[in-house]
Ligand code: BEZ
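The form predicted alone is given below as one chain in structure tokens.
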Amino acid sequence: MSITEQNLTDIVVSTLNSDDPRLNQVMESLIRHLHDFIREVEPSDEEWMTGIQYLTEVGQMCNDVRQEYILLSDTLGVTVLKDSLNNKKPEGATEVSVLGPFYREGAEVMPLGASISRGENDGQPCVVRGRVTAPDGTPIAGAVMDAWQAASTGFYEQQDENQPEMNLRGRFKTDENGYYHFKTVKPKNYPIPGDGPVGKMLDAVGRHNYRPAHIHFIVSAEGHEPVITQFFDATDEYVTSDAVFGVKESLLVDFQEVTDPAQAAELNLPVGGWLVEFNFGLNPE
């Protein structure tokens, strides 16, 4: 059979012969969508090689502390779409948001009330507290909360040699009534890395590279589906234009400045510190 522009796609698909039906399905869809893209855009040889070189540069930027492909997926809205399709939640369960490229496993398990801030200039002191429950409100004791965030400089600890190892990262377990609380610093908005190919792409298409102030969480408990999420400062200037499209209305929070000396003492905060409350809902497996 002679290969033509019209029959090429079907011929390529016909070569798929894996014993794994799901692999065949995924590859067929990938091939058909890529071929449709080429037919629609009709890239020149120069444009095609520019694209090849761009993807090469993305891969070369990846290392053990930075994942540029995740960053690319995030900034194209692909991660949010994938997460939404894979994590449909009932009412009362916390919505997912992007993991991001700076999560690290192995954060220290700390007692409730401890601070994950280990640096001298991390930011303004803040208490985070709330509860973990099932969607029906049943408290979940012993839920593990893996929390991490950037310092006020806009850098996560693996990006910044001036921060202590595993700074602003910690894990906590809820008490018998599902409550948690810990100390950290009030998050600030920051630019995602702009020194690599993702930054070049954002510049080229006229987009900014800022994320609104947020704190990341992975919350898990036996017998429940874990949730990867974040909550966001509702007053942040970038909350309606997050560079990675991770903001959802249910994840907006109000940071309250603590001005009453008695409340500050109760929270073990200086006057002018901050308090934020957020309750997490975990869907039963």
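We number the residues from 1 along the sequence you see. Owing to the predicted nature of the structure, the values given are computational and were not obtained by experimental measurement.
Another form exists, predicted together with this ligand; not displayed. Remarks below refer to it.
By the criterion of a heavy atom within 4.5 Å, residue 244 is counted among the residues contacting this ligand in the predicted bound form. For residue 157, no non-hydrogen atom is located within 4.5 Å of this ligand in the predicted bound form, even though that partner is not displayed. Interface membership of residue 210, defined by any non-hydrogen atom within 4.5 Å of this ligand in the predicted bound form, is ruled out. A residue is said to contact a partner when one of its heavy atoms sits within 4.5 Å of a partner heavy atom; residue 145 fails this definition for this ligand in the predicted bound form, lying far away.
Residue heavy atoms within 4.5 Å of this ligand in the predicted bound form occur in exactly one stretch of 130-138, 181-189, 168-176, 98-106, and that stretch is 98-106. With the partner removed from view, the residue among 71, 126, 116, 151 that has a non-hydrogen atom within 4.5 Å of this ligand in the predicted bound form turns out to be 71.
Residues 211, 214, 216 are the ones in 198-223 with at least one heavy atom within 4.5 Å of this ligand in the predicted bound form, listed in sequence order.
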